[in-house]
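In the form predicted alone, a lone chain appears below as structure tokens.
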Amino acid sequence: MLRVELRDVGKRFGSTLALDGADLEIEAGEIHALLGENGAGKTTLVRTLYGLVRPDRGEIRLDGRETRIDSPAHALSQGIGLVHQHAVLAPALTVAENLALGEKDSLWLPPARLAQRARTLLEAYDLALDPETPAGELPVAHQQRLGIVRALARGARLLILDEPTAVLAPSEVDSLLELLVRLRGEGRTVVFISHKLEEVTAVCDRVTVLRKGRTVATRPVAGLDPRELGRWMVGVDPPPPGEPPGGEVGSVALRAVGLQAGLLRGVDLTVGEGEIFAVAGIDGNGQAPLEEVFAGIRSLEAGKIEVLRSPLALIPGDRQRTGLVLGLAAEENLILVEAARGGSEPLFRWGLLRRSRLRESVRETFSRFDVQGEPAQPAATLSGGNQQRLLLARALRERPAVLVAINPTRGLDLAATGFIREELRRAARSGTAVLLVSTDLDEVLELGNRIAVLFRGRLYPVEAGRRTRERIGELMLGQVG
């Protein structure tokens, strides 16, 4: 029986055609994967189903009846819940209070009643949390599970999960996938958006693939392999995983000694010329202060950073919040660093930007890094993949001696991920010292000449003979012995 039908859905945002006649059929009681490149329309399609986006055309049917979903509250009333990649919780409120948010009169209950209600819900889904703990103090994986429990508590029979495993350790991914299988066994329906094809083939029943706003395939997962799914997504065979850059590592280009800032507790590291030093870890273990001290926006409480080769370039971890000025044109974002330094020839003269020279330079850069878009269009209108390519292009324009890259492929499709990883390898082969900080374990294993794990602000090196997913996953969870 079809639980949901989306037919011929179209949506345009200004000049961008996000959906161009997309279809989606979801059967009751299945785990249904939704795949596609960045900009393919996945998020727009599920937001249409959740009432966050109003389509320009098309129809929505729930249990065979045509309907119109005007808001998330309306979607919840129809048994549809959405859990974002980063759980949308109120960090200052307790676990119990977050579970009660949005439910009429719940927050007026006595604290003891709220806590008992929360314990009952948490125990039902094997989530051992103290109801009185502020949500902001929870590990990322527990926040993710709490978001799911909250959606289920509100009556969601159809649960949409948008990139839920992007910031989880391997064992946490396994635990989440087991929960999805359990929900299916209870008769619930799950829509699972992921770029991790091995996760899709592990638990999903059927898969729908979008490309450029259109549905190109829907079929059972059984018998498919990840390369076939990847071919549907991008139209060609995805490239095989690469390897860390070879060659001799040169002299030390970046050294950090005893870094203390925020959560960081005595971090020591060195990166040599031509090397990629990869730091793994679950979000919330010190990545933010580490990025901020290298960006120069957080002062060290102790320790020092030595940049022995310059210049140093940074790829920020959040392309929209800290990477780009979304209201500025793409071309203006590309030269922000140069402009901040006062500008120099040939793009600037006497401190003034030479627009004709800028357009010529930008088009060459866009072509080199395959940024799809017009230089003059606002950065906000680029797809996530193109925004990330723009950040990469900006960081590599000056051929930096040191490159600090924070989650450079988070949320990207196969093609963009492969492109950016190869550019990092190319930079290292040319002599750049690359410090890669990533929550993606596959990325760390694929790129790192050396690997360490950041856990609760401390850095734990991975022994050369123990470069396995299992060992790194243990360190990511604090099993350091």
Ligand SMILES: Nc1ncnc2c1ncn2[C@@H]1O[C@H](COP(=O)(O)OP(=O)(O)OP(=O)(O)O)[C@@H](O)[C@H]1O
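These numbers come from a predicted model, not from an experiment. Position 1 is the first residue in the sequence shown; the rest follow in order.
Form predicted in complex with the ligand: not shown, discussed below.
S.K.: Looking at L436, A40, A433, L49 here, can you tell me which has any non-hydrogen atom within 4.5 angstroms of the ligand in the predicted complex?
M.R.: Of the listed residues, the single hit is A40.
S.K.: Within 4.5 Å, heavy atoms only, one stretch in 441-449, 65-73, 423-431, 32-40 touches the ligand in the predicted complex. Which?
M.R.: Selected range: 32-40.
S.K.: Considering only heavy atoms, tell me if E292 and the ligand come within 4.5 Å of each other in the predicted complex.
M.R.: No, E292 stays farther than 4.5 Å from the ligand in the predicted complex.
S.K.: Residue-level question: is E163 within 4.5 Å of the ligand in the predicted complex, judged on heavy atoms?
M.R.: Looking in the predicted complex, residue contacts with the ligand include E163, since a heavy atom lies within 4.5 Å.
S.K.: With the partner left out here, check for me: in the predicted complex, does some heavy atom of A18 sit within 4.5 Å of the ligand?
M.R.: So A18 counts as contacting the ligand.
S.K.: Check R145 for me: does it contact the ligand in the predicted complex (non-hydrogen atoms, 4.5 angstroms)?
M.R.: No, no contact at 4.5 Å.
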